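Given as structure tokens, the chain that follows is alone and in the form predicted alone.
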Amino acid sequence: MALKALDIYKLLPKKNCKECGDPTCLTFAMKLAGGKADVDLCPYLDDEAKAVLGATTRPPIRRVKIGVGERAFGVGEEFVLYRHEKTFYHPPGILFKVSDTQSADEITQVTIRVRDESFTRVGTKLQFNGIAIENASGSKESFARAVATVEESADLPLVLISENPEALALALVQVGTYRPLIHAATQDNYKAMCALAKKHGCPMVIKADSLEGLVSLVKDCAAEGIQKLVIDVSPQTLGDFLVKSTAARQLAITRKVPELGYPVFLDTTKTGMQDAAIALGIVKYASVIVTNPLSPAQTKAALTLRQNIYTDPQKPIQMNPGLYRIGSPGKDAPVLMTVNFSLTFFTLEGYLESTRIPCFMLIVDTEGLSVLTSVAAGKLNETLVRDSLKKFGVENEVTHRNLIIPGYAAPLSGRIEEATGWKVMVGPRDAAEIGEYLYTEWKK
């Protein structure tokens, strides 16, 4: 079980030396208890205390980084079994799979797609993470050529899939400095695989048919000096994956079996029902998901689901407050005020763009609440609107003093006029009606 702050404090040197970056040992203990500090920051802990604290204060799911550069991604470092308890932090990496039996042109086509394809949803750029290359041919040379082909087209995080250490060794000559994830160490080959992981500084997948087998492999790899691990629960079916991944997560979160506290790997091409496997992996609890290339519709579904699950359920997605331009508005352009709830912003923005009327959007800070909720909670009020008009210099952008507010903010119209000196026009409640409103009310 995790130690409480006072229990941790008893194991600290109590020097209050500030060398850890905190003003007191008690402050440091509180951070350790919350998983927000590392025991190595204290220079005066002995090895025994470090061993005790390291096992109880590090995140129950260790963080593992895959790849280098701007497309590198980290997985793990999760603290809860259920998202609503707190949140999930590190979205799973989703990688398209290619085989060394494919032609160079086919491999390149998939690689370029992962490199370039993306779409934006509620202000966030969504894209796949990398390429998984499988040694399906069994040939070391073919595997190395396939890896080299991927590298010629893009600098993407990679998963190298082969249980043959010799094939992986030849492939790592091509990409070892980029720290791909190598898959997979088993009870039969773990020593050779650990040697490769250590030589190239790569994270490594360990694979076993049972959780007990994974625990044994974790200990064996730790004895070889390897701790940057991802676990493959070897599911035979989707139901099997659900049971094993949930059990591993639960045992790790409660620290009953800390050896299972590593990110989980899922190859959806091995389980059947690929779309269902991707969805299940995202929610229960895969951190590295390998899939065959997806269609555009499948792509949007998978990336949107991942974004939704890894959005903090206790914190609305917010836009930065400010004055936004739609088109190239002039001094006589309308000014529409709304809240910084991202869904409200992007819905209104979309409808305004479709009108082809250049205008300004004044986004005020309601802490991510919708219009109706922020009015009811008192977050949206005349003082906020007045201060926002001044802060973002709206009066310098237009010659008129007319402000369009959302229909649900109508009860505030009089107070906003008194506080700001602007004439308030009450817009429609439904953003879909904003086009008709602007043509009939603003342009008349």
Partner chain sequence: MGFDLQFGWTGTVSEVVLGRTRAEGGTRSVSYRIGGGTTLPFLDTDRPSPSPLIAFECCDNPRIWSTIVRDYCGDLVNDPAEWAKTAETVYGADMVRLNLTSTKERNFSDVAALKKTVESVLSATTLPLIIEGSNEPKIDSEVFLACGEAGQGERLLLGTAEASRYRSIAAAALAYDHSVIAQSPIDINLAKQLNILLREIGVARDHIIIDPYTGALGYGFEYSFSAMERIRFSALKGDADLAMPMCCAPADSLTIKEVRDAPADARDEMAVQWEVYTSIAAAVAGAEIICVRHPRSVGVLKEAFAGLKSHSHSRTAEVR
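Because the structure is predicted, anything quoted here is derived from the model rather than measured. By rigid core we mean the largest C-alpha set that fits within 1.5 Å across both forms. Positions refer to the first chain, counted from 1.
What comes next is about the form predicted in complex with the partner chain, which does not appear here.
Student: Choose one stretch from 157 to 165, 342 to 350, 72 to 80, 326 to 334: the one whose residues place a heavy atom within 4.5 angstroms of the partner chain in the model of the complex.
Tutor: Of the options given, it is 342 to 350.
Student: In the model of the complex, is there a heavy atom of the partner chain that lies within 4.5 Å of any heavy atom of Gln298, even though the partner is absent here?
Tutor: Answer yes; at least one heavy atom of Gln298 falls within 4.5 Å of the partner chain in the model of the complex.
Student: Can any non-hydrogen atom of Asp430 be found within 4.5 angstroms of the partner chain in the model of the complex?
Tutor: Judged by the heavy-atom cut-off of 4.5 Å, Asp430 is in contact with the partner chain in the model of the complex.
Student: Is there a heavy atom of Pro316 no more than 4.5 Å from a heavy atom of the partner chain in the model of the complex?
Tutor: Because a heavy atom of Pro316 falls inside 4.5 Å of the partner chain in the model of the complex, the answer is yes.
Student: State yes or no: in the model of the complex, is some non-hydrogen atom of Gln250 no more than 4.5 angstroms from a non-hydrogen atom of the partner chain?
Tutor: Yes.
Student: Of these, Ala169, Ala192, Val283, Ala136, which has a heavy atom no more than 4.5 Å from the partner chain in the model of the complex?
Tutor: Exactly one listed residue reaches within 4.5 Å, namely Val283.
Student: Name the single residue among Lys270, Arg121, Lys199, Arg356 that comes within 4.5 Å of the partner chain in the model of the complex, judging by heavy atoms.
Tutor: Going through each option in turn, the one that passes is Arg121.
Student: Asp240, Asp275 and Leu305: each with a heavy atom within 4.5 Å of the partner chain in the model of the complex?
Tutor: Each of the three qualifies.
Student: Counting only non-hydrogen atoms and a 4.5 Å cut-off, give the residues of 193 to 216 close to the partner chain in the model of the complex.
Tutor: The stretch touches the partner through Leu211, Glu212, Val215.
Student: How about Thr149 - superposed on the rigid core, does its CA move between the shown form and the other one by 2 Å or more?
Tutor: No, the C-alpha moves less than 2 Å.
Student: After a core superposition, would you say Phe96 shifts its C-alpha by at least 2 Å between the shown form and the other one?
Tutor: No; Phe96 is a residue whose C-alpha shifts by less than 2 Å between the shown form and the other one when the cores are overlaid.
Student: Classify Gly350 as shifted (yes) or not shifted (no) between the shown form and the other one, where shifted means its C-alpha moves by 2 Å or more with the rigid core superposed.
Tutor: Yes, the C-alpha position differs by at least 2 Å between the shown form and the other one.
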